[in-house]
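Quick heads-up: it's one chain on its own, the form predicted alone, in structure tokens.
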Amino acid sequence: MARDSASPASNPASASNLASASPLRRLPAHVTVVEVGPRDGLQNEKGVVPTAEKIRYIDLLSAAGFAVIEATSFVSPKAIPQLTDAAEVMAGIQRRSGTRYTALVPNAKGMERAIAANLREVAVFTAASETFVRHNINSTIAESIERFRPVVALAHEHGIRVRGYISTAFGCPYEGAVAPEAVARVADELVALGVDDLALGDTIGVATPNQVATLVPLMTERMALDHLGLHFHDTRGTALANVLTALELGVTTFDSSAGGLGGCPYAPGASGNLATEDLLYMLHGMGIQTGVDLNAVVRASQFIAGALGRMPTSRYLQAALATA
């Protein structure tokens, strides 16, 4: 694949010099990119990707150097048939030293499966809007929190880290605008439950930088800044602008999906996670280190594109392939 020689992201020394001269202030030196393509990217596909191809996809992402890869989900096969092979996937991948592999777990049964699969990190999932939770997992927010109680207890008993996702943190497909106070209430419940990290999800891609600037300080009253992550969708083209705002506020963990795959099966019109390639290009060009090889991510996206039979939406990926 041809490297974009005009890009400072291709030259770490050049990127570092750019960062030191940047008029932007308070930017972190390093960012953790949580790669969610194997889970959030593939769960929204209409077809089922063969297990062997999922394993190869994750291995390619591991080779790119991610610190965290969300590999699968231990949910009911009826809920998300695309991820019914979670145990087989976890047994088949080559676990890279320095990469944390995580999975979504909805309840105690899912947690037991995650423990059997030798996971050291998991995520639980609720939302800030009642209607979304009802459509998603057929419960209230309060009931979802109660379901997580044994999950967190089991996880901590086995020394497993727990991330708490709050979906619809910036807007809901059924209720519209979501008040920051509603997000804060759910965050309080998750923190009281004992989650180690919080992640705010822009489920339908409606967030704008002013919302980010409002929510992040509210969250840091509840969770240390280095334990807060943001999960943006690029449905309306504002994901990178939101990342930039969050960077200036000190956030250092962002979720993204290789190629821009995925969305949310419960949120109409919400296709398109923030593409990992686009995020890395911006971060590296600003002199922010991630430890991830951008070209290796492109190779992983090319592989999964072949498995899916279509080209992902990442702008960087499309530009790189056009000039290869």
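Values in this document were obtained by computation on a predicted structure and should not be read as measured data. Residues carry their position along the shown sequence, with the first being 1.
One more form of this protein should be noted, the form predicted together with a small molecule, which is absent from this view; the next part is about it.
Exercise. Ok, Ile80, Leu225, Ala117, Ala184: which has a heavy atom sitting within 4.5 Å of the small molecule in the predicted bound form?
Worked result: Of the candidates Ile80, Leu225, Ala117, Ala184, Ile80 is the one lying within 4.5 Å of the small molecule in the predicted bound form.
Exercise. Which pick from Ile137, Val206, Ile160, Ile145 sits with a heavy atom within 4.5 Å of the small molecule in the predicted bound form?
Worked result: The residue in contact is Ile137.
For this session: Mind telling me which stretch in 90 to 98, 238 to 246, 67 to 75, 184 to 192 gets its heavy atoms within 4.5 Å of the small molecule in the predicted bound form?
Result: That would be 67 to 75.
Exercise. Does the small molecule come within 4.5 Å of any heavy atom of Gly201 in the predicted bound form?
Worked result: Result yes; Gly201 sits at the interface with the small molecule in the predicted bound form.
Exercise. Using 4.5 Å between non-hydrogen atoms, is Thr102 touching the small molecule in the predicted bound form?
Worked result: No.
Exercise. Does the small molecule get within 4.5 angstroms of any non-hydrogen atom of Gln211 in the predicted bound form?
Worked result: Gln211: no contact with the small molecule in the predicted bound form.
Exercise. Is Arg39 close enough to the small molecule in the predicted bound form to count, meaning some heavy atom within 4.5 Å?
Worked result: Taking the distances in the predicted bound form, the answer for Arg39 is yes, it comes within 4.5 Å of the small molecule.
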